[in-house]
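Below sits a lone chain in structure tokens, taken as the form predicted on its own.
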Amino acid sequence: MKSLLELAGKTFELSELEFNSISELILEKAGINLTQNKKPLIQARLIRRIKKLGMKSYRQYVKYVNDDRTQNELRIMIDLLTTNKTSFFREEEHFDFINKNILAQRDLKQKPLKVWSAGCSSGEEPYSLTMLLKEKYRYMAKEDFQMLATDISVEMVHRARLGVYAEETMESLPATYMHKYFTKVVTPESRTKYRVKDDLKQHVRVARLNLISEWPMKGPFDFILCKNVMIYFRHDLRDNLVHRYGKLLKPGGFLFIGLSESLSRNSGELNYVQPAIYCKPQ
């Protein structure tokens, strides 16, 4: 059976000029650095959209994106070209650190906790952290803990707000968590899914945010999670982001990045604590 690209014909082959136009546009608008090895990915992910719009080339599509004053097509393009891989309690080392080094002596009634999940994808990370706190503080009120969860993807923000997850997504969660924090629902297609309960959802505010744009929030945050996001940015943009994160952290606050990531020596005033964890000095 022929692939979609073969069926599309030579008209839909991504030229070097078209690749450069797309990568420059995404870099300018979203800070995402699409290197040469991403060319097949761009071609595969945009071809369906181009055909749906009745267009005949990537060049025509780029012009359409640039001419769209609403920027709606730009948001669709960003959604198509970004990868959103996540799971509940992903990179457990971070949750263990938060539990043992931040929450151990913390009285939320006297000192509420404020956290930002920057690049929250479909919401598993902020809801995981909220479950961790609910387990530790049985009578946690809405004002005791506030989680800001943001993502550049319109689709991911929508999913995070819904808080509805497929049965296979829940496999990493203990059964007690599923019972306490989720409601089982059955879709019209007879698929089993799980919806986050309002008691958990009330602590999480989800919003769309482009990290290279202006930030409306003022902080300060006790800690910020920006995990497996900055790997898509150029080094200068990463350093700038880390500097901005540092300004929004409380003294003694932490920045968590992905375990496969590291910060450069020019990343500002944050001190290394352990792999993928950095702290703002007191």
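Keep in mind it's a predicted model, so treat the numbers as computed, not measured. So that there is no doubt, residue numbering starts at 1 and follows the sequence shown.
Another form, the form predicted together with a small molecule, is not on view; read the next lines as being about it.
Exercise for the section: Could you check which residue among R90, R205, K134, R106 gets a heavy atom within 4.5 Å of the small molecule in the predicted bound form? Expected result: Among R90, R205, K134, R106, a heavy atom within 4.5 Å of the small molecule in the predicted bound form occurs only for R90.
Practice task
May I ask you to choose, among S172, N101, N210, T183, the residue with a heavy atom within 4.5 Å of the small molecule in the predicted bound form?
Solution key: It is N210 that has a heavy atom within 4.5 Å of the partner.
Practice task
Spot the stretch among 227-235, 246-254, 43-51, 58-66 with residues whose non-hydrogen atoms come within 4.5 Å of the small molecule in the predicted bound form.
Solution key: Result of the contact check: 227-235.
Handout entry: Close approach of A30 to the small molecule in the predicted bound form, 4.5 Å, heavy atom
Key = Yes, A30 lies within 4.5 Å of the small molecule in the predicted bound form.
Problem - Interface membership of Q146, the small molecule in the predicted bound form, 4.5 Å heavy atom rule - result: No, Q146 stays farther than 4.5 Å from the small molecule in the predicted bound form.
Practice task
Answer for R191 alone: is it within 4.5 Å of the small molecule in the predicted bound form, judged on heavy atom distances?
Solution key: No, R191 sits far enough from the small molecule in the predicted bound form that none of its heavy atoms falls within 4.5 Å.
Practice task
Check whether K85 has any heavy atom within 4.5 Å of a heavy atom of the small molecule in the predicted bound form, and answer yes or no.
Solution key: Although the small molecule is absent here, K85 would touch it in the predicted bound form, with heavy atoms inside 4.5 Å.
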